[in-house]
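Here you get one chain, nothing else, as structure tokens; it is the form predicted on its own.
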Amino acid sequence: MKTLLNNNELNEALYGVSNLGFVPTMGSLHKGHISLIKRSLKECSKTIVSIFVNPKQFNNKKDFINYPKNTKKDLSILKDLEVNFVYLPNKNDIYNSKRKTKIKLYKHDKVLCAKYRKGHFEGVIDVMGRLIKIIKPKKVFMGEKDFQQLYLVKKYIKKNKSIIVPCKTIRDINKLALSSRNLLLKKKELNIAGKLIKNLISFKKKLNKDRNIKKALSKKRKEIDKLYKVKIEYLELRSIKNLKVSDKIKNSKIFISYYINKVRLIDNI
């Protein structure tokens, strides 16, 4: 495994490499990341993993500071997986040039997390566009756990030859979607989050028989508030095709964002 610390080392290492798979991460690797990496290793001749905590996608400075980091452990995991390259850029490597046009989300895309985290997805789209331009991979592997992120990256980053490959959400034994932010939760809080998601999975199975989905979602939100004492930002059924509010289960997902203590979690079911 080659560790690349700047763009000069990256360009030298990747010269002549074709069929390159790319897994972008912010570190604190877990089984969800590992599933993306294994798929890249299987489908591509070479695989590169980036670790970069992007400051521009955090709309809260404390959230950026507190984001879990463990580069030493991450590198050990990547070495065991026999990844070909790991890219550890600094801010200047990524943001060494100004954008010609400012990224602006369409009004109808400012829903779910985009409504509550102003500037977040603009930062995600910006850094993903820059990383893809620098690395020039054939395929980019991204998880469906951050479904809105996946949807917007595919929609707004079009002028490149890289293929965005969606990969299924990996969950723990309690059905909680794996996330680096889970490391910020205590055992009791993790159990609460798991019970909440199990509740929603069961609810969605029954929702298909409910004629008034909007009313059922409102009732479920109040129930979750009472049962688990969490702060819900949104609980909505939306189409996976365009993220519009849906009244049909087919081709739709339940999207949720909630706080346990001060840790913000998202999921889609």
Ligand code: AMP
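This one's a predicted model, so the numbers in the text were calculated from it and none came from an experiment. Note that residue numbering follows the sequence shown and begins at 1.
FYI, the form predicted together with the ligand isn't displayed, but the following is about it.
- Of the candidate stretches 104-112, 175-183, 151-159, 81-89, only 175-183 contains residues with a heavy atom within 4.5 Å of the ligand in the model of the complex.
- A heavy atom within 4.5 Å of the ligand in the model of the complex is found for exactly one of Arg130, Lys138, Lys145, Lys195: Lys145.
- Of the residues Tyr67, Tyr234, Phe203, Tyr228, just one reaches the ligand in the model of the complex with a heavy atom at 4.5 Å or closer; this is Tyr67.
- Although the partner is absent here, Ile94 lies well away from the ligand in the model of the complex, with no heavy atom inside 4.5 Å.
- Contact between Lys73 and the ligand in the model of the complex is not found at the 4.5 Å heavy atom cutoff.
- Among residues of the shown chain, Met26 is one whose heavy atoms approach the ligand to within 4.5 Å in the model of the complex.
- By the criterion of a heavy atom within 4.5 Å, Leu243 is excluded from the residues contacting the ligand in the model of the complex.
- Across the proposed site, Asn60, Lys262 and Arg264 without exception lack any heavy atom within 4.5 Å of the ligand in the model of the complex.
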